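Before any questions on how it binds or moves, here is one chain, the form predicted alone, in C-alpha cells.
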C-alpha cells in the first residue's frame, strides 16, 4: 500500500510541475515523471496478478516511448519555427501569422 501512496505523490508532484512549466523541456520532464509514477503504481500488482500487471506494464512502456518521441519531435519543431521552447510561444488552435 505504501507503493501506491508514493506513486500518487509522484504523480501529483509531476502534475503540479506540468501545469506550472514555462518551457517544453520542463513539460517533457514532468510528463516522464508522471509515467514513473504510473510504473510505481503497477509494482504491487505483480504480487497478486502478475500476468495482468505485465500486460499493463508493456502497454505503459509503449505509450511512454511513443509519447517521448512525439514530444522530442515537437520540441525540435517548436525550436526551429519559433526560435525558442517557451510555452507562451504556442497559441491555442494553431498559429496565425
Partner chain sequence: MDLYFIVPILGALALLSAIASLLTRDNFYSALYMSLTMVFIAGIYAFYNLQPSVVLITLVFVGAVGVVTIAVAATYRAKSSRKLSLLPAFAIAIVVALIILRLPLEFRFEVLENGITFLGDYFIAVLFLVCMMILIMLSTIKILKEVGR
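Numbering follows the first chain given and starts at 1. Every value quoted in this text rests on a predicted model; they were computed, and no experiment measured them.
Although it is not shown, the form predicted together with its partner chain is what the next lines describe.
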| request: Please run the contact check for residue 82 against its partner chain in the predicted complex: heavy atoms, 4.5 angstroms, yes or no? | output: no
| task | Classify residue 89 as contacting or not contacting its partner chain in the predicted complex by the rule of any non-hydrogen atom within 4.5 angstroms, answering yes or no. | result | no
| remark: When its partner chain is considered in the predicted complex, the residues of 48-69 having a heavy atom within 4.5 Å of it are 48, 50, 51, 52, 54, 55, 57, 58, 59, 61, 62, 64, 65, 66, 68, 69
